[in-house]
Structures are given as structure tokens and as C-alpha cells.
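Only one chain comes next, encoded as C-alpha cells, the form predicted alone.
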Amino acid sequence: MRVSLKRLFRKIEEINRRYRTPRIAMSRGGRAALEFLRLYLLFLVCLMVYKFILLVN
């Protein structure tokens, strides 16, 4: 079990290393849209965690 988890984490690290830098050039508008989507996703995750905490209590 431990070996398979280590292998999984190594594979994830390799994928993250490979795609760390973007291979295409983006305009400022494109970068701004991606940042907005990233913030929106973070907001939705926070809402889900908040809702979960309310349900647990």
C-alpha cells in the first residue's frame, strides 16, 4: 500500500513538473479570465466547506 502511494505521488509530481510552465502565449485578457475562474472555483469550494460545516453542526 505504501509503495503504491509513493508511486502515485511521484507520478503526480512528474505531471505537475511537466505542466508547470504554459506552452502557449496568452493575452492579458486570457490570463485575467483564467485568474477570475480560479478565484471563482476557490469561492465555490469555500462555500461547499462552509455548507458542510453547517450540516455537521
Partner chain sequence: MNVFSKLYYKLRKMWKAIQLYLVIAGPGIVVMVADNDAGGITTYAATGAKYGYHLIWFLLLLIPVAYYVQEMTVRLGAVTKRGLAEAIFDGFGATWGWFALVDLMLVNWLTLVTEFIGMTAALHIFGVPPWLTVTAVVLLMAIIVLNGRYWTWEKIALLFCALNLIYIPAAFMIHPSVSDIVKHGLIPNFPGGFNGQLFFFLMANIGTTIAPWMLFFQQSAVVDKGMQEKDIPWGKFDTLLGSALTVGVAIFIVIVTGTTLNGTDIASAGQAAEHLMQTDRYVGAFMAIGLFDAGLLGAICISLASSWAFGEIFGWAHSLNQNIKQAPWFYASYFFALITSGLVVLIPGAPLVLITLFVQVIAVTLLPAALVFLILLLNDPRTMGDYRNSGWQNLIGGFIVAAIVALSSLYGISIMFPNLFQ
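Positions refer to the first chain, counted from 1. A quick note: this is a predicted structure, and the numbers were derived from the prediction, not measured.
Keep in mind the form predicted together with its partner chain is missing from the figure; the text below concerns it.
Within a 4.5 Å heavy atom cut-off, is K6 in contact with its partner chain in the predicted complex?
Answer no; every heavy atom of K6 is more than 4.5 Å from its partner chain in the predicted complex.
So, M1 and its partner chain: in the predicted complex, are they within 4.5 Å at any heavy atom pair?
Contact with its partner chain, no.
Would you mind checking 24-38 for residues with a heavy atom within 4.5 Å of its partner chain in the predicted complex?
The stretch touches the partner through I24, M26, R31, L34, E35, L37, R38.
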